[in-house]
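Just the one chain here, the form predicted on its own, laid out as structure tokens.
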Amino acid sequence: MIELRQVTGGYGPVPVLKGIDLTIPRGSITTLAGPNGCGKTTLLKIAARLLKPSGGQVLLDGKPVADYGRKEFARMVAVMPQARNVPAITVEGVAMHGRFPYLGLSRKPGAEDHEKVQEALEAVGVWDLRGRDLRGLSGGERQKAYIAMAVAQDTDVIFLDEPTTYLDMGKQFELLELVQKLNQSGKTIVMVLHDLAHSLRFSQRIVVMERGRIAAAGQPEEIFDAGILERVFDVRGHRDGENYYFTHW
């Protein structure tokens, strides 16, 4: 379980986040949603220990994240950031980066590391691409390769910052269905999504943010029925069975 207690933080003298209290349940898919600049990615980075809060505390399984050793924390939490350079490396090589928290001083992967990488590549559906250069892949294939790296890291928690960015509609659904599959295998998923319909369909819990604070948190149906998304985003929501869509007023 991940807990944020009165967390304040950001990148300058004026904090982006303002006294955030939030509990992220184990085994859930929790999506952070909100307008641009509301603090979604800042919250994710602080929870994932990529950014130090200026106030408050983040706990993982009851222990402050700052108290974990670097390798210890990396064996518990994997992070897939939004922006990154595309290196000259194979898909298998990218996935092997997920095993670094487990390597000894020699930094040489062993039989278990190769086994975990193969399992990750197969689970994500990129085993056939294992020898391909990352730079020659499509956006969807590349995103899957990075998710394979997170899976190979063999953590209970995976943070994803806008994993569907730059993907066409079909590939977005494919990737989010993969996220659901990872969750069904026991992973706790925390992700930032811009698409409200995707957030409602593929999440078990949604945290709606507004101006650095939490406007609401709950199950997708509760959030939709309460009209929170309509107010925060200035849109009109529609539901057709399990499908959602939004229009301007």
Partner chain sequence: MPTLRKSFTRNSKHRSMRPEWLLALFCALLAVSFVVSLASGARLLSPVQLWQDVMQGNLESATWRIFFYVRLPRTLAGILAGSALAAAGTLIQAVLNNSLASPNTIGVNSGAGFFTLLAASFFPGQAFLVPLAAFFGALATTLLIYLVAAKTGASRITLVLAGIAVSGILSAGIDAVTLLFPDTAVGSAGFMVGGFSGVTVSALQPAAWYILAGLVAACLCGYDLNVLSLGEETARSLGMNVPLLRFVFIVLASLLAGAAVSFAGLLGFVGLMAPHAARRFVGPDHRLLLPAAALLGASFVLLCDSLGRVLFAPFELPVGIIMSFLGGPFFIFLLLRQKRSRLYD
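Note that the coordinates shown come from a computational prediction; the quantities given were computed from them, not determined experimentally. Positions refer to the first chain, counted from 1.
Heads up, the form predicted together with the partner chain isn't pictured, but that's what we're talking about next.
Though the partner is left out of this view, Glu162 does not reach within 4.5 Å of the partner chain in the model of the complex, counting heavy atoms only. In the model of the complex, no heavy atom of Lys171 sits within 4.5 Å of the partner chain. Although the partner is absent here, Gln143 sits far enough away that none of its heavy atoms falls within 4.5 Å of the partner chain in the model of the complex. The closest heavy atom approach of Lys40 to the partner chain in the model of the complex falls outside 4.5 Å. Only one listed stretch (178-186, 46-54, 197-205, 29-37) carries heavy atoms within 4.5 Å of the partner chain in the model of the complex, and that stretch is 46-54. Applying a 4.5 Å heavy atom cutoff to the partner chain in the model of the complex picks out Ala88, Met96, His97, Gly98, Phe100, Pro101, Leu103, Arg107 from 88-115, in order along the sequence.
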